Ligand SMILES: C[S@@+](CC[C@H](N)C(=O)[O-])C[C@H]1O[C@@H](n2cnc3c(N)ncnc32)[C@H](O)[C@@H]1O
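In structure tokens, the next block holds one chain alone, the form predicted alone.
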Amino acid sequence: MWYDKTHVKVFDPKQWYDLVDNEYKKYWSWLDSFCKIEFGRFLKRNDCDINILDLWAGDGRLRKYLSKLKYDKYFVCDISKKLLSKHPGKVQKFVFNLEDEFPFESDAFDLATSFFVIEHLYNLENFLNETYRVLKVWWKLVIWYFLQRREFVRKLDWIKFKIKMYKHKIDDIKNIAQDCFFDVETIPVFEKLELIGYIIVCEKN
């Protein structure tokens, strides 16, 4: 991938992920370089047998981090059925748009994760309201938000394209989450002294 100012097609995320379902793993090392994270730090001490909801789980990149937790059930969701089919292991898979109603009961999950996702969502209010609904009280949604200042241009065979993105301001994200009744902590992430994104921790109270 590279940056390019020339006119290229803009695909929605489902189109993009359906196109690269067999090649997405090539991006793992690049994505991992931004978000090495120990999810245990966001859990209560000695918690085990938790239910995890991996929102926009794709082909399972976060699995190596989440598998370190003692969980009872692990649910994975994505907009792309083709990409989700690559997710390893026996997990419960759900295909739906995160801007729609979630197909889960209320108060069902202890931890929800959402990495490199919200920049592709327009309706953050619905996403955060639904995540709040399905989380148990005092439990958390952990978001990684990457400050991508320019869209990457990607090439697959002869096609050059970008993925549709929304450049949400961090204060707007925080305000929307608080309006959805979350307690919010924003943790800035730096690379070589440059701010590259935030880990946003939303706790249901």
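In case it trips you up, residue 1 is the first one in the sequence shown, and so on. Predicted model, so just to flag it, every value in this text is computed and none were measured.
Just so you know, the form predicted in complex with the ligand exists too; it's not on screen, but the next bit is about it.
Colleague: Counting only heavy atoms and a 4.5 Å cutoff, which of 91 to 99, 104 to 112, 67 to 75, 128 to 136 contacts the ligand in the predicted bound form?
Modeller: Contact criterion met by 91 to 99 only.
Colleague: At the 4.5 Å heavy atom threshold, is Ile143 in contact with the ligand in the predicted bound form?
Modeller: Answer no; every heavy atom of Ile143 is more than 4.5 Å from the ligand in the predicted bound form.
Colleague: Could you tell me if Tyr24 has a non-hydrogen atom within 4.5 Å of the ligand in the predicted bound form?
Modeller: Output for Tyr24 is yes: heavy atoms within 4.5 Å of the ligand.
Colleague: Check Leu124 for me: does it contact the ligand in the predicted bound form (non-hydrogen atoms, 4.5 angstroms)?
Modeller: No, no contact at 4.5 Å.
Colleague: Heavy atoms within 4.5 Å of the ligand in the predicted bound form: does Pro13 have any?
Modeller: Because a heavy atom of Pro13 falls inside 4.5 Å of the ligand in the predicted bound form, the answer is yes.
Colleague: Could you list which residues of 68 to 84 come within 4.5 Å of the ligand in the predicted bound form, counting heavy atoms only?
Modeller: Contacts from 68 to 84: Asp78, Ile79, Ser80, Leu83.
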